[in-house]
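In the form predicted alone, a lone chain appears below as structure tokens.
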Amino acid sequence: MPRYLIDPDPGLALRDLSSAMGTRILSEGLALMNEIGLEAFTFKKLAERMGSTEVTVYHYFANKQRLLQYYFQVYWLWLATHCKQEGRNLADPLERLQGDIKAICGIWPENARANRFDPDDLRALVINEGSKSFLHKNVDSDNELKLFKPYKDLCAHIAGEVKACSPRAKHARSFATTLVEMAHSLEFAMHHLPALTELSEKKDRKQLAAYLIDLANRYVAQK
């Protein structure tokens, strides 16, 4: 079972999350956010779900934006670690890149765990609420705090594999970011905006991965 120790930025939380209450807030918070979405989610609703108080939740997180960003950091950190670990014994950079693409498309062992979370639950949150972690007025100050570093590190890793496949690639980082974005935005379209993609017919992650792998193969084959 792929299990990796993931350490999100400790500045996202106000106190240690390893306590029973911290663990419960994280678990119930993820489930509730996935159920009702970020706009409807409040710490009051989370507290009611837990049979606790709103003040207790605020002892752990300053606001729901920081809680959302915590989940996102866990997801991107886990995904980057998974990609690196799965590719460490592969000598062929194209094989590593193809493996990375499968991973960013959500193809991993069913029993994989991201700390205490099921990565499928984290992926669902990223797909449905992803842009809300940075499409806000405080994005620049959050960026200065390096809150998006795990996402950038994953894109940088994939860009490195693209360059390893095609050393003369001029826009490896842009292409890597495009792959990561498409792996998530196209899955959203498959389920909610089906006219945007032919992948909506089967709604299959393997088909999504095959599409992006073919795109990557064509990109790195360019001279």
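Residue positions are given as counts along the sequence shown, with the first one as 1. This structure is a prediction, so every number in the text was calculated from the model and none was measured.
What comes next is about the form predicted in complex with the DNA, which does not appear here.
Taking non-hydrogen atoms only, residue 181 never approaches the DNA to within 4.5 angstroms in the predicted bound form. Contact annotation: residue 193 falls outside 4.5 Å of the DNA in the predicted bound form, judged by heavy atom distances. Although the partner is absent here, residue 27 sits far enough away that none of its heavy atoms falls within 4.5 Å of the DNA in the predicted bound form.
Contact annotation for residue 157: none of its heavy atoms lies within 4.5 Å of the DNA in the predicted bound form.
Contact with the DNA in the predicted bound form holds for all three of 21, 56 and 63, each having a heavy atom within 4.5 Å. Taking 197, 52, 34, 166 one by one, only a single residue has any non-hydrogen atom within 4.5 Å of the DNA in the predicted bound form, and it is 52.
Among the residues 188, 41, 175, 70, the one placing a heavy atom within 4.5 Å of the DNA in the predicted bound form is 41.
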